[in-house]
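What follows is a single chain, given as structure tokens, in the form predicted alone.
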């Protein structure tokens, strides 16, 4: 039970960092990024590839954040001539292209087998201190990034991208460069999410194409929509609720004798029901953004 709780808190913290990254783009900026998990995948693979070539782990994490930020710049510039919904489809296509590359470039990514034996950050520490130290690091990063995210949202940049989201024509009339705002918003969320991807690879000691599945982006969007998109506290609440579902399913599997396929279907079904109920009863989420709640 102790190992399970440690794992649950660590994974929950990593998903919270990914959700905070998506919240910068979708919550503050109103950008429909359906391929957000690609940034986490880049962080995970960069950490794994750096380890395979003998680089230190922090160098791999920094490389992942740099590559994801560069991809964020490209994706932000990609949307110059696309409407918001078409831009969202384009981000999904980018994530699928990256997953295909990861599956087929065995020499770099290990193909379908991925990259294994990635060491944790505290491998030299005895159990359970290595797991506790990593969990403390992840939760500390969640607290720090949540504080920074809230500060960002209430600051000048946050107000500017919120205005871009609500009144783009007014923002342009006030002299804001919408393309620059959009690009910087995507890059900010990409760097945060790549950090989470690196932490995920270190926790699992593995980086594989499973990290790039579109279903993972769906889970992140559900966390935002259930908790309250555009509000840091709401995002964290959404993460807690969905992680509670993940924690419940293994117990249900053992009690009811499900196989793994049915347990996976039960998890997705419960998440879908929560999302549907939220859309019907609390469209702005359980802790809505003040601006959205007053609209």
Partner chain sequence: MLQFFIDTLLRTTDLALIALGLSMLYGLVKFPNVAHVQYAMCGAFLAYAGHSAGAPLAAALALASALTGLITLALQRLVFKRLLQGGPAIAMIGSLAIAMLLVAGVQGIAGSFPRMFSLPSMDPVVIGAARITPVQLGFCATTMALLLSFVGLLFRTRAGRAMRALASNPMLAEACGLDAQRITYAVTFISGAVAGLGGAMLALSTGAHINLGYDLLLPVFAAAILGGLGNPVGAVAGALLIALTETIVTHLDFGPLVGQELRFLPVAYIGAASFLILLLTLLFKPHGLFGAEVRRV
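This is a predicted model, so every value here is computed, not measured. Numbering follows the first chain given and starts at 1.
There is another form of the same protein, the form predicted together with the partner chain; it is not shown, and what comes next is about it.
For the chain shown alone, residue 154 is not a contact residue for the partner chain in the model of the complex, no non-hydrogen atom being within 4.5 angstroms.
Residue contact with the partner chain in the model of the complex: residue 221 places a heavy atom within 4.5 Å of it. With a 4.5 Å cutoff on heavy atoms, residue 86 counts as touching the partner chain in the model of the complex.
Heavy atoms of residue 56 never reach within 4.5 Å of the partner chain in the model of the complex, leaving it off the interface.
Comparing 232 to 240, 248 to 256, 261 to 269, 47 to 55 against the partner chain in the model of the complex, the single stretch with non-hydrogen atoms within 4.5 angstroms of it is 261 to 269.
With the partner omitted here, the residue from 180, 100, 124, 169 that has a non-hydrogen atom within 4.5 angstroms of the partner chain in the model of the complex is 100.
Only one of 145, 195, 164, 225 comes within 4.5 Å of the partner chain in the model of the complex through a heavy atom, and that residue is 225. At a distance of at most 4.5 angstroms from the partner chain in the model of the complex, all three residues 32, 92 and 96 contribute at least one non-hydrogen atom.
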